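Okay, here we've got a single chain as C-alpha cells, the form predicted on its own, with questions on binding and movement later.
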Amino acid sequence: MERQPSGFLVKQRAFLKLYLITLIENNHLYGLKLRDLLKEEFRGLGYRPNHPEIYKALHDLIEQGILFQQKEKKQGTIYQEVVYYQFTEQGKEKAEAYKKQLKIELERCLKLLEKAIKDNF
C-alpha cells in the first residue's frame, strides 16, 4: 500500500482519502455527512469535492481494507437506509500508515508550490 509520489501535486483522490480518514476518526461516519463536512471545510478555498469523487475515495478505502460499510435503517423510515463507514480491525493501523506516507508527499508538494511562488512572484 506504499504511495508513490505522483510527480507533480498530490492527486485529488489521495487528498480526499486523507480527509475522510480524519473525519471518520472523529466519528463522522456516513456518506452525506462526510460530503457536507468536506464542502464546508473548503468553502473559502474554492474547492468543492463532488459527490462521485468522495464515494470513489471511500470505496478505495474499503478496497484497501481500511474501512467497511454498515447499513442501518434510518430512524423513522421503513425503507431508507444509511450507510455508515467504520474502520476494519486493522483499519486504524493502515490509516495511520497511509496518513504518514501522504504527509511526506504533501510536504513535497508544499515545497514545490513555495518554489513556484518564490521563483515567479
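Being a predicted model, the structure only gives us computed values, none of them experimental. All residue numbers are counted from 1 along the displayed sequence.
A second form of this protein, the form predicted in complex with another copy of the chain, is not displayed here; the remarks below concern that form.
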| property | result |
| --- | --- |
| Partner-facing stretch of 28-36, 60-68, 45-53, 79-87, counted where any non-hydrogen atom is within 4.5 angstroms of another copy of the chain in the model of the complex | 45-53 |
| 4.5 angstroms heavy atom contact with another copy of the chain in the model of the complex for Glu93 | no |
| 4.5 Å heavy atom contact, Glu41 to another copy of the chain in the model of the complex | yes |
| Contact set, 16-43 vs another copy of the chain in the model of the complex - heavy atom within 4.5 angstroms | Leu18, Tyr19, Thr22, Glu41, Phe42 |
